[in-house]
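To begin, one chain is listed below as structure tokens, in the form predicted alone.
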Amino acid sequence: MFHQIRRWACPDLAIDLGTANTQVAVPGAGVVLDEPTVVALQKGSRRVLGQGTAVGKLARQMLGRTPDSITTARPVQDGVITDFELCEAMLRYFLRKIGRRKLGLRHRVVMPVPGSITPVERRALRMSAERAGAGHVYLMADCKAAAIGAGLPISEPLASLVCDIGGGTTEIAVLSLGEIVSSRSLRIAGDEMDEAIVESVRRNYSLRIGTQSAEQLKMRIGCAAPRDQELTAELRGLDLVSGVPRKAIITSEELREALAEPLEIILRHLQTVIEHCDPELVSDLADTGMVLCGGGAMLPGIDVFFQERLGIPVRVPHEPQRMTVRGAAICAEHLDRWRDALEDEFRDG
């Protein structure tokens, strides 16, 4: 009875604190919040604008467009917190926004984290979430959460390969019998793809564009494998020679060439993860293949790119950017069953 009252008054939450976006899911209700991990500040102070409400979508609109009196900050870089005070303010706003707490209780929270996170970073993450209003915080591996969210049979004696390409990190893992057999966590992901486009435009067109413009280009005409019909888009930026705004036309083929380097790095790490598995597990992958998750999995042709290079089936689930938070929400829904395993997974000693 107490557990039923608690779930009604203060449901357990799953919070995916990503470099690009923060997502919050409630068991039974799905993803209830999905906003950019961005905060807007008064320049020269630590005060969040709008009485603490210039967070998420509102702050994202200000990126690269603020006057001298306002600055924007991203408190999470490469999957870990870089500014604890701002991260705490952001999480406090998000928890207040979902408004599902009653009777003075605090939400128990399941949070996926990168495999490369250090014990110090884990303690800082727990502390930031608790000071923002969360109750007990349970951490779990990002790749395991993504695999659960994608419906992979990770508890069976069968190899399950997942590649989660986020904004700041790419998490790769082979799981079997509920444990991670081989994994890699690398800080080459969506942000680096945007930077590669910025550099390509600078080199080929002598134009300077921002990472937001690069991301929009990637979403509009970006691709990882040749298209049946190549696309074009208008490019706007600052001419590095004349110093005035200028337009140009860029093709999807040029973007594909710009994205080749970060994709090749991810591919090499995938091959390394597979090579470190036992032959029996490798033979499983010939049938089970790989699941691509994260925002990077939405890049057109990325499944074809990896399938041709790895020689195994590659699948992109519906809404791949939400697989991690959905997997964490499944654990939150059955937290009493998962609690001991989650506490053992990242025990700080």
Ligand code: ADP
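Numbering starts at 1 and runs along the sequence shown. Note that the coordinates shown come from a computational prediction; the quantities given were computed from them, not determined experimentally.
We do not show the form predicted together with this ligand, though everything after this point is about it.
Peer 1: To test your reading of this chain, name the stretch in 270-278, 239-247, 211-219, 110-118 whose heavy atoms come within 4.5 Å of this ligand in the predicted bound form.
Peer 2: Of the options, only 211-219 has residues within 4.5 Å of the partner.
Peer 1: How about residue 56: is it within 4.5 Å of this ligand in the predicted bound form, going by heavy atoms?
Peer 2: No.
Peer 1: If you check in the predicted bound form, is residue 254 within 4.5 Å of this ligand, heavy atoms only?
Peer 2: It does not: once this ligand is placed as it appears in the predicted bound form, residue 254 has no heavy atom within 4.5 Å of it.
Peer 1: Quick one: does residue 75 come within 4.5 Å of this ligand in the predicted bound form, counting heavy atoms only?
Peer 2: Output for residue 75 is no: heavy atoms all beyond 4.5 Å of this ligand.
Peer 1: Do residue 298 and this ligand come within 4.5 Å of each other in the predicted bound form, heavy atoms counted?
Peer 2: Flag for residue 298 set to yes.
Peer 1: Could you list the residues in 162-179 that come within 4.5 Å of this ligand in the predicted bound form, counting only heavy atoms and keeping sequence order?
Peer 2: Read in sequence order, the residues that approach this ligand (within 4.5 Å, in the predicted bound form) are 165, 166, 167, 168.
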